[in-house]
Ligand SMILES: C[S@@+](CC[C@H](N)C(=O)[O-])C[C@H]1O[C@@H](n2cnc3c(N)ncnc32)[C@H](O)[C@@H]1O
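Here you get one chain, nothing else, as structure tokens; it is the form predicted on its own.
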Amino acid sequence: MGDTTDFKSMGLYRNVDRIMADLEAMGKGGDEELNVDDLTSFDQYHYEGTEAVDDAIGYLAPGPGSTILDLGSGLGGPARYLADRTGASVTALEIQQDLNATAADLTRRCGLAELVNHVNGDMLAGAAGVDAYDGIVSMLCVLHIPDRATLFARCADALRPGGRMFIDDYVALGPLTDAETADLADKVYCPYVPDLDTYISDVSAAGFTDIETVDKTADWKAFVADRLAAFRNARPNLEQRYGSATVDGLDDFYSTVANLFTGGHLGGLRLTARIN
């Protein structure tokens, strides 16, 4: 996927240890034990929080003994939540070393290290292995990976026969403007946004069947607008907690995404599929 420092163009991925300041503000600082619900306000970087993970659980139907890959696991929020709620074993695969290290520490503090295994690696390089998982979940990670042929081939390889895949991602509703393309590439680290037909074709070419999609555009447009408004309302407290530079970066990121969805050319996609 290239130099992972490129991800730091996103305000969301700078100073990821700010979650420690969030926990300190809750009275959960230091090395105090945590539970999953202490973290869900802070560790779900995707849209719609644990509601989206519940949808993934409903589709993947994991349980004790199931193995799930969380592709692009960030701070580990979905992986921990999924393991906690279902008892499944989850591999949290994250290419950014600082995110991975912070996520592993949070998982340890939640007492979930036996169920959630954090791996710092690149899916395109085969980090997920072969025939290893019953399901794959990916929450707003695929948008960072333009090589969809290799990506979905690796996903197909990683799943056991009958395994399922659940993806939340961006899709193009129409031609993006030059400004939108630049903002996606520079501020969201999203260099490629296919239309729906192309997206489905790429997944199908990797051998997936039973491909179904849900248009999440309206839901996500509302979500990112509400997120920006709530962030700006809380800005004075957050500046004290994180510092002005971090808050400025987050504001730029959140406002950019809200404007992209308002433009009408960027959409939200939920895709589910199965491998034979």
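On a predicted model such as this, the values are computed, not experimentally measured, just so you know. Quick note: we count residues from 1 along the sequence shown, nothing fancier.
The next section is about a form of this same protein that is not shown, the form predicted in complex with this ligand.
The contact residue chosen from L106, V203, M139, V116 relative to this ligand in the predicted complex is M139, the criterion being a non-hydrogen atom within 4.5 angstroms. For the residues A158, L184, I167, M123, the 4.5 Å heavy atom test against this ligand in the predicted complex is passed only by M123. Using a 4.5 Å cut-off to this ligand in the predicted complex, not one of L60, T91 and A128 places a heavy atom inside that distance.
Comment: 73-81 is the region of 175-183, 128-136, 192-200, 73-81 lying near this ligand in the predicted complex, near meaning a non-hydrogen atom within 4.5 Å. Although the partner is absent here, I145 is a contact residue: one of its heavy atoms lies within 4.5 angstroms of this ligand in the predicted complex. Although the partner is absent from this view, I95 contacts this ligand in the predicted complex, with a non-hydrogen atom inside 4.5 angstroms. When this ligand is considered in the predicted complex, Y254 lies well away from it, no heavy atom lying within 4.5 Å.
Though the partner is left out of this view, Y13 does reach within 4.5 Å of this ligand in the predicted complex, counting heavy atoms only. Residues D43, Q44, Y45, H46 are the ones in 29-59 with at least one heavy atom within 4.5 Å of this ligand in the predicted complex, listed in sequence order.
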